[in-house]
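Let's start with one chain on its own, the form predicted alone, as structure tokens.
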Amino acid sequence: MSTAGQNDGAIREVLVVGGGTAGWLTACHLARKLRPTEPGGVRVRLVESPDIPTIGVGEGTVPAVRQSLQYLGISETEFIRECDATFKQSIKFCGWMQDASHYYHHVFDYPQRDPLDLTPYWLMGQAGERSYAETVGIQAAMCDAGLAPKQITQPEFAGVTNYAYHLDAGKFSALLTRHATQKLGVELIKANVEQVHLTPAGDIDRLSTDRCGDLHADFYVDCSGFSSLLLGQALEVPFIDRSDVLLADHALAVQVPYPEENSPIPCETLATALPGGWVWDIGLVSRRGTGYVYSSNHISHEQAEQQLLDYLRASLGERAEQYSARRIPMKVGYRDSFWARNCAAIGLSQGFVEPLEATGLLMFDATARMLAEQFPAHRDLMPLLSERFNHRVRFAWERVIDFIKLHYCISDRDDSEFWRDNRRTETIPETLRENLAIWRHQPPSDYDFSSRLEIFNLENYLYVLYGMNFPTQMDAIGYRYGQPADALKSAQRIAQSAAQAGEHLLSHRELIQRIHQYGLQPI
């Protein structure tokens, strides 16, 4: 049996293999673009195992997911209510420098650069004495004050500041499932894929399942997780290991309560550095999602469990011992190609790096939409489109790895071999080494991020570099910046705006409670 599309080359059916966040985001993006319920639309199906639970660790997002929710037609009120969601305005990095009291915010608002770029003046000590993030915007102060990023009177997806979300990954997958099947026309198949059959030419021909017989499609999307059932196993696309750069290879994940029932909900992801890695701490409405990303080559699994327990004891006391973490091996790297023959991979089957900066969901969402926007109308277009897709996605993965490595290699922590190894030149990608060499003598500029395929851009690097006191030397170029008085006034205005914001915004928990009670105004 063959699909109709194979007779004339038209692509009329696509099958997504695997559910979870990656699978259902992909199905939503494809259906949003390919319109399966309309005449001439492409049929979109998803086969999901009823027996395999999703990993469900990634509970942090970046602002791009907000745009995707709106694009896909998902109500923000419904999303917040059903996914135990809260707002996220920042990643707060604690203990990433030798000074144990040091912390900094990587916020989502852009630094002020118009009419005057404050960065060089801050570096020269001419923009006041506050931290970099506090100097160039109001959001860091809002986070420290526990303020929400929007008012209850603002419509869905609008805010005083830029924001993303924290969410329950399992509940988010369930919401995406309902939206895809009930509103976008995606067909759900519950079955286990037992065998992948190839054509003599090497394409995927069909999948054999335990409950639904053989499944045929013109195009397949592999969202099968680390197993990479289609791209990795059937099509034998090799995996490129990048553990030589990113040294952490395991995670411990655990869900814990707040210290008290109505404890404040942090409006940021807490990322706390420890001797063998770092701990994430994400506040949802009724619980926290926490975990320890670490290198088993530098500490033992037992040491990691003890260090995570010590972290949890700081907020929960002896109650922390009631909660056991599950250990997750991390295969750090990406496939040599992401679209081979008539199959593309999205999610963990495509690649993985540690969840610092919410990179997982960011890449899943970005590449799923990229695939949908560039989806081939005809089989003859696949070689050209797959070559472009592979180039773009590989570039994106390499830049993500550079950005994650930045957090480690500019740290001055010297208390363990893990941190010292992260500064060794041979563990730093050449592209990042070259940029750091330039940035030691002049601040980064837009010209350092000239590709539209960059996942992290100038503003992201500025917050991390100068949150971690990167030593850009301004002596030789200080003459280029001749408006110190204007810079100081601008910084003072920002500080005043931050103070005024507190007069109009609710606490984070109070806003979430009101959204649950009243909802937000639909757009």
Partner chain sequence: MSRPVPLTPEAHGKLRVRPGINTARLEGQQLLPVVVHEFHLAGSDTPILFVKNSETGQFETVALLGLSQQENLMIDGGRWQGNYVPGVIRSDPFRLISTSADDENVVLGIDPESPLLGEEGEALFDDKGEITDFLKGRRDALVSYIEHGNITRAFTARLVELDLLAHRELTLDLDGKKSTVSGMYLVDEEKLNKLDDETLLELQKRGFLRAIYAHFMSLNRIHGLARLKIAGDRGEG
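Numbering follows the first chain given and starts at 1. Not measured: the values here are computed from a predicted model.
Here the subject shifts to the form predicted together with its partner chain, a form of this protein not shown in this document.
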Task: its partner chain: the contacting residue among 152, 191, 436, 94 in the model of the complex [heavy atom, 4.5 Å] - done: 152
Task: Proximity to its partner chain in the model of the complex (heavy atom, within 4.5 Å), stretch among 422-430, 153-161, 168-176, 207-215 - done: 153-161
Open item on the list: Check residue 12 for me: does it contact its partner chain in the model of the complex (non-hydrogen atoms, 4.5 angstroms)?
Closed with: no
Task: Stretch 496-523: residues contacting its partner chain in the model of the complex, 4.5 Å heavy atom cut-off - done: 514, 518, 519, 521, 522, 523
